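Given next, in structure tokens, is a single chain: the form predicted on its own.
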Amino acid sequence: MGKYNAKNESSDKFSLRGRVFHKIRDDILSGKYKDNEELKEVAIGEELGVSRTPVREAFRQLELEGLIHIIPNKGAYVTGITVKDVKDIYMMRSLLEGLCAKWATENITPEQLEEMEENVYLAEFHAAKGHTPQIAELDNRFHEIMYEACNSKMLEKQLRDFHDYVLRVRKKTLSENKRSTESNKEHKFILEAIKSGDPLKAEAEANKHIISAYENMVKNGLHEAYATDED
């Protein structure tokens, strides 16, 4: 029975309900919908080729995540992510990424470590060439490798959610060559600590990396990216 439940949980995003939920959430987080914009069940159902039921179920889940607000007998409205939300996410994420790096040091496989080394090498190459899409993709993958290596499905899920929530502003700031170069240097410090088998050093470097990312966002476009979200 336990194995069956675990399989269902891991495959939820591939179910009809899961696909609808993730599509709407991705659209909200990418900025497709403006703050306070009404989400219409019928229109979204037609766009996705589904009935209103999975859309309504997705709305309930999105409200639990704080991304929309449902007003009875009126409609569902986008709440989105505010500047304060981004700060809160990064402060929490800095601690959790540190924990993740610590556990990854203790659990990483040779294959994962090899992929992490290759990731850092490729990121250096693409940064030198100014290949923004590849840099962003490699940045995401570096963190995913670490999430997988920490050997905790609960921590991995939470960090993946945080990663998704700040997608819009991350894309904006990672497009700057200076930050992408600095970010990869910080990845290298984390990698070196993991390779040397020093979990406390890895934890400290991962924590500093997320704080640096947030400080860079404040300097380079955080408030502009979320200007419509502020009171």
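Residue numbers run from 1 along the displayed sequence. Note that the coordinates shown come from a computational prediction; the quantities given were computed from them, not determined experimentally.
Beyond what is shown, the protein has a form predicted in complex with the DNA; the following relates to that form.
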(message) Checking a candidate spot here: are 141, 153 and 160 all in contact with the DNA in the predicted bound form (at least one heavy atom each within 4.5 Å)?
(response) no
(message) Please tell me whether any heavy atom belonging to residue 74 falls inside 4.5 Å of a heavy atom of the DNA, as the geometry stands in the predicted bound form.
(response) yes
(request) Indicate whether residue 17 is a 4.5 Å heavy atom neighbour of the DNA in the predicted bound form. (result) yes
(message) So in the predicted bound form, is the DNA close enough to residue 54 to count as touching (4.5 Å, heavy atoms)?
(response) yes
(message) Test of understanding: in the predicted bound form, would residue 41 fall inside 4.5 Å of the DNA by heavy atoms?
(response) yes
(message) Please tell me which of 191, 67, 204, 50 lies within 4.5 Å of the DNA in the predicted bound form, judged by heavy atoms.
(response) 50
(request) Scan 195, 60, 32, 185 and let me know which has any heavy atom within 4.5 Å of the DNA in the predicted bound form. (result) 60
(message) Heavy atoms within 4.5 Å of the DNA in the predicted bound form: which stretch in 91 to 99, 110 to 118, 128 to 136, 74 to 82 meets that?
(response) 74 to 82
